[in-house]
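Included below are structure tokens for two forms of one protein chain, each presented in isolation as structure 1 and structure 2.
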Structure 1
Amino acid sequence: MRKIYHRIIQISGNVITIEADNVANGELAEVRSERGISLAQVIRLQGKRVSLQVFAGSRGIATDSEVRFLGRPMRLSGSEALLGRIFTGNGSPRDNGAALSDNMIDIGGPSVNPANRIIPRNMIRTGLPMIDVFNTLVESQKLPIFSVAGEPYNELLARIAMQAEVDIIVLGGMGLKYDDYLFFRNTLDAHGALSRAVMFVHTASDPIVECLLVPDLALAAAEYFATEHNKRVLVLLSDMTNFCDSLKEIAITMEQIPSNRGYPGDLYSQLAARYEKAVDFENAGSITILAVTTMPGDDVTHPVPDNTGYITEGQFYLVNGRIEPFGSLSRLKQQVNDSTRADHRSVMDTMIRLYAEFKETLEKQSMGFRMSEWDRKLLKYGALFETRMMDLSVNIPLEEALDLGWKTLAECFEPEDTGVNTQTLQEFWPKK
């Protein structure tokens, strides 16, 4: 039997403070007030002073309200019944389905011992040429999608969820507009992907503390399927900047000394604790993480993308509705490019080099320089490259994308123009 406390010594915003013994950080509590029972979570310990974030807000809570600690952190049902379900940021059903209570597991556990990790070596096919051909996604990789407000990053995540060759999709939404939540739900349902997906959705109108729980809930579900069922799990998170803003808001409420731009000093550790859950388990499945990070003011030096870049293994830049080839990088693509098809590296290097020359030609054209025959070839090539490779609506297998790359090169250049070695040209250059 857990002790019940009847004296709240401070109420600040949605944070209440009491004096209690034998309480752990992250532990849950029930707060009983005139409006009923509210769930709260311990977010700070200072001696006997315990601060709790009340999920539903502190309105109606008085200094004599009852607080009863549950002796456990937030838990999630570890069962296959999660598939096809949609939950809130506190793990409650959002889809009007039944609550799950079988095999409850703690969330927010430690990352995996490196001794039990396998070196990343398997490609995850997405059907998007800008990923599969040029910046391959590798199983157990952790990659952010850097973007700005207004870009179709949620549409990109939905396409990856529908097309990625993985066993399970776990989607975590943080601070989503209700329209974005409906878009994810309806899109996955219409394309038959919801049956292999689990969604944890925090909308902008939900309690702030639930936003902080979404990544931990999503990763706990991913760990369950990867370890207990040997599944390849892809975790999609949007938007980690909203997660960090929630950290910032709670830190301000707690009157913590702020760091860069008001964010808490442990921002790096908070992000790393989530991203480092990406792993290929020995003798089990894997967890791969793709997480949207919006950059306020398109500023990559903002604390959230800046800290993220030190943790992750590259990034995708989403600019003007396309994955930008120059800012994007998958640091693990070398692990798999040599085992896909013999011409993969040649197509990737040649097409990007020629696209860079196309960009230079565009600048010359905008300044009124006369276009040479080579410039006209580059202009034709650049237009075809953007339509056939960069458009996010393109959905083709890697092999077709590589063949389309050779076709595009052949339509614009002679073989000797490309700089590709003779042996590769003889094997892969399209025959007239």
Structure 2
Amino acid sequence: MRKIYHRIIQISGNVITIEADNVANGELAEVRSERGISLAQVIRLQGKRVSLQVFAGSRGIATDSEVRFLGRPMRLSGSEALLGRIFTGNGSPRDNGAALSDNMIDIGGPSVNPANRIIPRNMIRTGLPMIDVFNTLVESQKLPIFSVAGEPYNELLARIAMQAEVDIIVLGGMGLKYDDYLFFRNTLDAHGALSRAVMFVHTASDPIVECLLVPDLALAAAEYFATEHNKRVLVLLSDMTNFCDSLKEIAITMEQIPSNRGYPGDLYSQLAARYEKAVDFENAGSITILAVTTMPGDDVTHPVPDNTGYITEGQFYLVNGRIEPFGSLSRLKQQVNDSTRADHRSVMDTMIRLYAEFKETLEKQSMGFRMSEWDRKLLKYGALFETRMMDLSVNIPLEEALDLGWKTLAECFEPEDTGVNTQTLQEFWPKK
């Protein structure tokens, strides 16, 4: 029987400190107070002093509240019984099902040996030209949607998930509005996908630091299915900014020197430890991560989107209900877009370049300058581009989108206006 402690010597933020022996770094404990039982995790050891972060928050904890160490780190049942289940942010059932105890595996495990990875090779089709043509999503990619409150990011996430050909969907909700949680559940249900999904949901009304475990739980489940059952797993994480804010809170409590706007200096490493779990294996399955990162103040240089952008393999920039061509990027697109169709890259590069020129023209126009013949071509083009390519209601296969791209170019420009090399033009420019 493990020893029980009753003397809490410090309570600060959501971190409590007790004096204890033989405690391991990262070990879990249960803290029992009048408010109930909360999980806590050891985050620092100093001689006898043991600091624990309390996931349900420290509110209501008394100096004589009971602390019982569990002698193990955070674990998750690695079993197929996870499918169809919904858990809270600390891994206990949120549905009415039983708690799982088979094959308990540590969460937040070590990273995949890079030598075991393979180069991603499968495109994930979404039916959205802004993704399929311009920012192709690839199996095993890690990619966030950068957005601000009010944008339909969860809808976009769900739509891609429903359209993508994957075996298993794992949802990790952090600070999810209850409505959004129901939306995800109902969408999965409506598509008959609930039975191949696992959900770890921390809602906006749960204690904030409790969302810290969500990515690790979700990714441990994903790793289990990818390596033990060779499944293609899609992990949805929304909203990672809440996760970062929880990290910030703990760091400040622990009096760490913040690096930037209060966020800890290891924010990059913390995020990378999660996102890097996206992987494609040679002889096993794969993990693809689609996340939501809301940008405080719509500022992409804010530490959360900034660090995220440096880690992920591109991002979809969702503004005014559209995926913006600038700022959006799929870094894995070149792994697959050479084998989709011979003109894929030309269409992609040319259309974006001309759209950039259109934006400049728009600026000139707004300043009241006379529009040249070239400007007028661009104006026509820009408008068509926005309705045919950018609108989220468009849902067409890649090939159709490419054809539509050429059609649009031919409606607005002469072949030599486009800067496409002659050979490609000869092959693909629509004949009059």
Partner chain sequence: MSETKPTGKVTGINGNMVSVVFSQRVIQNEVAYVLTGDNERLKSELIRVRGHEADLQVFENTSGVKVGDPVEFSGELLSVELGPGLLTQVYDGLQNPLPELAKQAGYFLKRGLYVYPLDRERKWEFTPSAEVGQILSAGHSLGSVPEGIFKHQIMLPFAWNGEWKLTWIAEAGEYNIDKVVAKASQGGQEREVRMVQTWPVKIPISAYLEKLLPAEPLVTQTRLIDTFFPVAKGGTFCTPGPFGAGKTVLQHSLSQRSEVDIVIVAACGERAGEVVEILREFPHLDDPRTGRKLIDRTIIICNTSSMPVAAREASIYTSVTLAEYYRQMGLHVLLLADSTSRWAQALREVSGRLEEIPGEEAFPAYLESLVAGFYERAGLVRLPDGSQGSITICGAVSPAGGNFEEPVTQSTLKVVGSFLALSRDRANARRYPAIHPLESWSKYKSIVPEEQLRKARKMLREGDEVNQMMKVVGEEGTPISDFVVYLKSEFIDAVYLQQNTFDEVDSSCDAERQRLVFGKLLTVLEKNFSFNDKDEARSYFQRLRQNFIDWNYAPWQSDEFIKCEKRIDQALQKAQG
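For numbering, take structure 1's sequence and count from 1. Heads up, when I say rigid core I mean the largest set of C-alphas that superpose within 1.5 Å between the two forms. Since we're looking at a predicted model, the values are computed, not measured.
Where the criterion is the form predicted together with its partner chain, structure 2 meets it and its counterpart does not. In a rigid-core overlay of the protein, D343 has its C-alpha displaced by at least 2 Å between the two structures.
Superposed on the core, the two forms differ at M390: its CA moves 2 Å or more between the two structures.
Relative to the superposed core, L212 shifts its CA atom by less than 2 Å between the two structures. For L128, the CA shift between the two structures after superposing the rigid core equals 3.0 Å.
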